[in-house]
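Single chain ahead, by itself, as structure tokens, in the form predicted on its own.
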Amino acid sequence: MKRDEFSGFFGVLVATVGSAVGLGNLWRFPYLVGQNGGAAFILIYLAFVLVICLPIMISEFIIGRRTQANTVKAFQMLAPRTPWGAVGIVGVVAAFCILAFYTVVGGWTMDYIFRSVIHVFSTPDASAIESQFAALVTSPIRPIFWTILFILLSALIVMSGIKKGIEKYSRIMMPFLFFMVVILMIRSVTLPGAEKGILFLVKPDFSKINTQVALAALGQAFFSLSLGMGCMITYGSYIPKRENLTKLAFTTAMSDTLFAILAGLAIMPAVFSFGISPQEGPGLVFIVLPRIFAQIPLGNIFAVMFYLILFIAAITSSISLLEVVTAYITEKLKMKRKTAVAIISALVAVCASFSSLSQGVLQHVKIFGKSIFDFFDYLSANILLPLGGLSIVLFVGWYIKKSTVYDEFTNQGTLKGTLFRAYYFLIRYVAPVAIAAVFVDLIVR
């Protein structure tokens, strides 16, 4: 049976951008900018995207398209009878671990959409909103209901396949996502006093830049682009041979970065307008912003819009993670796609339920001193993803024949390959050192 693939450049682009654009862009990026020097952090972030993350993404695309196989089989095909296949296993495990807590946060976004619709966020009282969020995450039933619904929606899309599922729905959701974030940005930058927030995002404060900030920027760039978790290798395996991988990777990386900056412009001017500290941290999205929505005209409409944006960003990333595990299971066990997705989704739902309960009734249960939710987060973000990313650049830069990499980079010699020397130097020497630095920082932090 012919393996499914994307229809063309735009189909691949909306899927890869959907994978890259996630909660990290809307939830993590703005508060990291706030805590680390504003525009200075953005400039360093952009430099890392271009110099390190872009070559890694191209490498993942090369591995996937060269083999047209799931992330485990891809390494086994390129390095038969060697331990390199374990790198693919790391990607599959990382994708599953991320789903085990990421879907919980996805469920929170659905709850907040519902609560925005019924006008729950009508008071700017900080303690009341904080209490509402605490009541949600510690509840033994409500967040699990939304989490399972979120998993079910992700599963239905992945069950439909690549072209009729992931690509079809990404074509609808991603343009809509960008349109909505632009509308929200316009509302934010037109608030009284918003110019301070805009200035914060465009005027660099290099005095706050140090090694720790640089590593934070590199880590955010790496994780924001879905690198090291098998997503881009898996999606790469569905890319038609005629597509230019460098152009695709560059457009994906720039679209993801553009969205992160638009998200910053949708959030930070409003934060400054209402005299709130830009260093609020992770609570910015679920605690601070509802206070702002309660104080602006048509705030409920903008609240619904914002949490709908969060939901779409979350689910497009969720389907890419689910596809990593699905591709492996269907090809390894010769299982039907719908059966594989149903089994994987059920397992994710069980793990995600425990992650959710660890915020409340199971908060006393610890794994290596961490709650179940935090354990899945730490294991994936601090160990599996950097390990996977480091292994990928070493594999492409030092193990695979240079001629094989060049062949795929240039579409079997039909493209000029002008940037190949620069790409190969970065992937061989610069990227391994940078990822190793992030790895060490995350482990010792």
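Don't overthink the numbering: it's just position in the shown sequence, from 1. Only a predicted model underlies this, so the values are computations on that prediction, with no experimental measurement involved.
The same protein also exists as the form predicted in complex with a small molecule; that form is not shown, yet it is the one meant from here on.
Although the small molecule is omitted here, in the predicted bound form all of 22, 102 and 224 have a heavy atom within 4.5 Å of it. Of the stretches 199-207, 179-187, 80-88, 314-322, only 314-322 has residues with a heavy atom within 4.5 Å of the small molecule in the predicted bound form.
Residue contact check for residue 288: none of its heavy atoms lie within 4.5 Å of the small molecule in the predicted bound form. At least one heavy atom of residue 98 is located within 4.5 Å of the small molecule in the predicted bound form. Although the partner is absent from this view, residue 229 contacts the small molecule in the predicted bound form, with a non-hydrogen atom inside 4.5 angstroms.
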